[in-house]
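Shown here is one chain on its own, the form predicted on its own, set out as structure tokens.
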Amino acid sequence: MPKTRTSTPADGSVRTAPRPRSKIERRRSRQRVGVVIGLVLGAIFAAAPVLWMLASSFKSNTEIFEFPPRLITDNFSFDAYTAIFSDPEKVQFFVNSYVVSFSVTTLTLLVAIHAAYAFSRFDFPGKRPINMVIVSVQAVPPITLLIPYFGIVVALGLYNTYPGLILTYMVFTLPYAIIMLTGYLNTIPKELDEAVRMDGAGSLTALWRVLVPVSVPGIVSVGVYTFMIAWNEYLFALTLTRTQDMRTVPIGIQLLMGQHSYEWNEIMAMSILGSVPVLVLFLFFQRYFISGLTSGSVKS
């Protein structure tokens, strides 16, 4: 064993010199420093575009491209935001996105909760094949279904309507929602809802009075994800709508790119406004979102 050096001061007391750190401790310290540096660099890399977008929304188009670039401008202005809120067409982009996104989220959760309850608690003919179909839909790239869905929507008379967008988005949000909620319900003991049914209550009563309150984290995580998908979707929103009054925010941002000039400050401002709902939802439900994703994906 290595000897510990001691020293005897003038007052006669014995003091033990600090033991030098071992190689393992030094390596762990370097690793922790490396992790912290990596996280800081990652945060800067992720936040820099957002900060530049936010700063550019308060500039004029000429100031955005000045050199050397400046994050904070001397001519701070809300002109870009004023131009958006004073234009009924641009405000309608946000109205359409809210209507479609909230409708998709609400309907997806209602259908997914009942479907997940059936998959988790009951055995019925065709359960395994149906489950395989739901999982396989997740593997299909949405762009490959664009032309077929366009033909179906037009044939049903849903082109350039809210129902056309809502039903189309639900095709892509429902499989994920059912898979995640089924996995989450599988983590809940069956004795909870079985006890309610033994007391004479029906299956739906057991679902909404027992399982749904317990499954709030999973439901919230699926709801936030569904809202994000519907809010940010671009391809089908562009294909399945025709008139300006039916366009959503992603299409509205693209329409600000004119043939001869781009309204960069308005593009940045609308991008910031378009990011706020998703950011607020995630920050508000962050605790539920993370725990719900973890429980639904790890346990089954």
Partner chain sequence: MQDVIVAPAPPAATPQPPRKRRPFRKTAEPFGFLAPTLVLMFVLMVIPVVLVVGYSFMDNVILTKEPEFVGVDNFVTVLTDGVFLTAIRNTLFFTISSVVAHLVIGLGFAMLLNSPLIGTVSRAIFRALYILPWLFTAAVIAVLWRMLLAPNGVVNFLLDTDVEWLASPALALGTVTFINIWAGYPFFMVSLLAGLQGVPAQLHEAATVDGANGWQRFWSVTIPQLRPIIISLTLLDLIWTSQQFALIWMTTGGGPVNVTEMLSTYTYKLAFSRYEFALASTSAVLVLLMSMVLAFFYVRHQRAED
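Positions refer to the first chain, counted from 1. As the structure is a computational prediction, the values presented were derived from the model and not from experiment. Between two forms, the rigid core is the largest collection of C-alphas that superpose within 1.5 Å.
Not pictured, yet referred to below: the form predicted together with its partner chain.
The stretch that touches its partner chain in the predicted bound form, counting heavy atoms within 4.5 Å, is 161-169, out of 89-97, 212-220, 161-169, 76-84. Residue contact check for F227: none of its heavy atoms lie within 4.5 Å of its partner chain in the predicted bound form. In the predicted bound form, its partner chain sits within 4.5 Å of a heavy atom belonging to D123. For the chain shown alone, R32 is a contact residue for its partner chain in the predicted bound form, at least one non-hydrogen atom being within 4.5 angstroms. Its partner chain in the predicted bound form comes within 4.5 Å of a heavy atom belonging to N186. Contacts with its partner chain in the predicted bound form, taken as any heavy atom within 4.5 Å, map within 185-213 to N186, K190, S203, L204. Annotation: Cα of R242 displaced by less than 2 Å between this form and the one not shown, core superposition.
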